[in-house]
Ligand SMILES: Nc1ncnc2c1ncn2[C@@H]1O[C@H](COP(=O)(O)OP(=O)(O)OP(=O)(O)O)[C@@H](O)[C@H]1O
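A single chain, nothing else alongside it, follows as structure tokens in the form predicted on its own.
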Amino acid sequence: MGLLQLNFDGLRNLQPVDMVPSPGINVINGANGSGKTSLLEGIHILGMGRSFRTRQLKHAIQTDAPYLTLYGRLAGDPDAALGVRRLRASSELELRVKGDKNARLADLVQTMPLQLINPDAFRLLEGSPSGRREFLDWGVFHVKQGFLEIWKRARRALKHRNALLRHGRINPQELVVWEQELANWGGKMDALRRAWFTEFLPVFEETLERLLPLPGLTLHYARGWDKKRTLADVLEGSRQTDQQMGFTQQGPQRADLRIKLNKQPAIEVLSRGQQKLVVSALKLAQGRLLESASQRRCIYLIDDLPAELDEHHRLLFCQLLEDMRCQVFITSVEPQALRQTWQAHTRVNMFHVKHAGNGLSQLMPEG
């Protein structure tokens, strides 16, 4: 699986993009502010329906442009066409997946699995549990059948229980109904998450060993409630305190991945370069597990790969990408840093983003 063609129109400061990427490594270089990250952003929106740079997609639309249109063609049997369109005058996102104009966002995400490694990826270590839950559930969604429907039902039950907790005078019978729903679907969520984690952990450990051996580093899945009690018992026993707080304090919505080094939070003891390699190992392991489970490959978006990595670890990183035989889009302000990194048999396409003199930038293939 890989992108055969990309066409973007109305994306930030980029002139219309018509790109034929390599099925392997694609290096995009250019000066700061030229639009390299915007290209990655376009691919991310095409595969996820949202940007990693802004919460409001209208901000990704080029100044004075009436719309943003993104198109991609994925290799397959048959090939799959993906399209995303956002009008400036509308908040609606128009999606098209394999010719289906009524495609859902989940269809888009399922069709083109992406992993992003950029400065914000450090939030997996230093940020709130919500980012790690998103990482966790991305993996479960792509590997474990039926997870999305279970996730939706658990979220619906949680929403209704929280609404009752905030209501003041609680109808005990109604509360019991939604607690039973949450306990049921939350338990099923936990079972799928635990099954995924059991498969993911050895893949992560092997990936990290190749990038940066760190004896004493541990990754642990915490389900979000007392591991010695059922969720039904926890919900029943915490009604009074939950009502005082106005929300459900324990449950699958509090799940987390805890990363420690010698029993201390990893973020507190790792250098910035070590943090980048740990986060990268997490992201790359997602793709390796996806491939082993479903014979599908992730597409990787890597913003400024050379940053914070010395030449030795940069080489190890690139060798691992080559061995995975996945499609990668890498940006860099130092074109020479990534020219001589690859093995002779690896297909590498080089692109340059340069200012065109009219406030916009142009993507040009190199040699």
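Residues carry their position along the shown sequence, with the first being 1. These numbers were taken from a predicted model, which means no experiment stands behind them.
Form predicted together with the named molecule: not shown, discussed below.
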item: Exercise: T37 in contact with the named molecule in the model of the complex, heavy atom 4.5 Å; value: yes
item: H313, heavy atom within 4.5 angstroms of the named molecule in the model of the complex; value: no
item: Non-hydrogen atom contact G33 with the named molecule in the model of the complex at 4.5 angstroms; value: yes
item: The named molecule contact at N13 in the model of the complex, heavy atom, 4.5 Å; value: yes
item: Residue stretch of 305 to 313, 322 to 330, 338 to 346, 54 to 62 approaching the named molecule in the model of the complex, non-hydrogen atom distance within 4.5 Å; value: 54 to 62
